[in-house]
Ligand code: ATP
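Next comes just one chain, in structure tokens: the form predicted alone.
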């Protein structure tokens, strides 16, 4: 099995997240994509009053109609900060060596991965799929050589960087949708519509529960 892992605060989850996951699923040939809402992200503050349970419920509602998507509570159930290395260790143990893991991540976050806990181990546990921008493969190669490990080889045809000992780093363009969770929260706070920015079920949850006000 080829399993995609898509982590984030999802505060709230929106159409951009869902579309990126769907395109990566097709382009990389993933059997499933697991959305993993973080509980306490080490590199980001979550505005209050919004709980991990709220964000989890919105993700559940957002992916409910896609048979290739599922949700994991692993980071919310775990005590303390949501470290990716612990999440990958969990999925590696749970799914076994017969499952290939593909961690989906934006370019900006990937270029800071050397600040993450035990970041070197991440490249032993999972492949990475970096959501690229125009011109970014060059920056990606420089970053891998300078901060992760020497020996990564660029394959421009298959859009990936391969290493003899570490997992592969793929780069893929996805449809650029100028949507952000920050912008959505601002719209809700001002009493403006968020229709067509988030799934209908997510909008209904936000409005009915009075979130982001």
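Keep in mind the model is a prediction, meaning the values are calculated, not measured. Numbering follows the first chain given and starts at 1.
Omitted here: the form predicted together with ligand ATP. The next part is about that form.
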Classify residue 25 as contacting or not contacting ligand ATP in the predicted bound form by the rule of any non-hydrogen atom within 4.5 angstroms, answering yes or no. no
Can any non-hydrogen atom of residue 112 be found within 4.5 angstroms of ligand ATP in the predicted bound form? no
4.5 angstroms heavy atom contact with ligand ATP in the predicted bound form for residue 50: no
Mark residue 108 yes when one of its heavy atoms lies within 4.5 Å of a heavy atom of ligand ATP in the predicted bound form, and no otherwise. yes
Among 142-150, 58-66, 156-164, 182-190, mark the stretch whose residues have heavy atoms within 4.5 Å of ligand ATP in the predicted bound form. 182-190
Which residues within 1-31 place at least one heavy atom within 4.5 Å of ligand ATP in the predicted bound form? 6, 7, 8, 9, 10, 14, 16, 17, 20
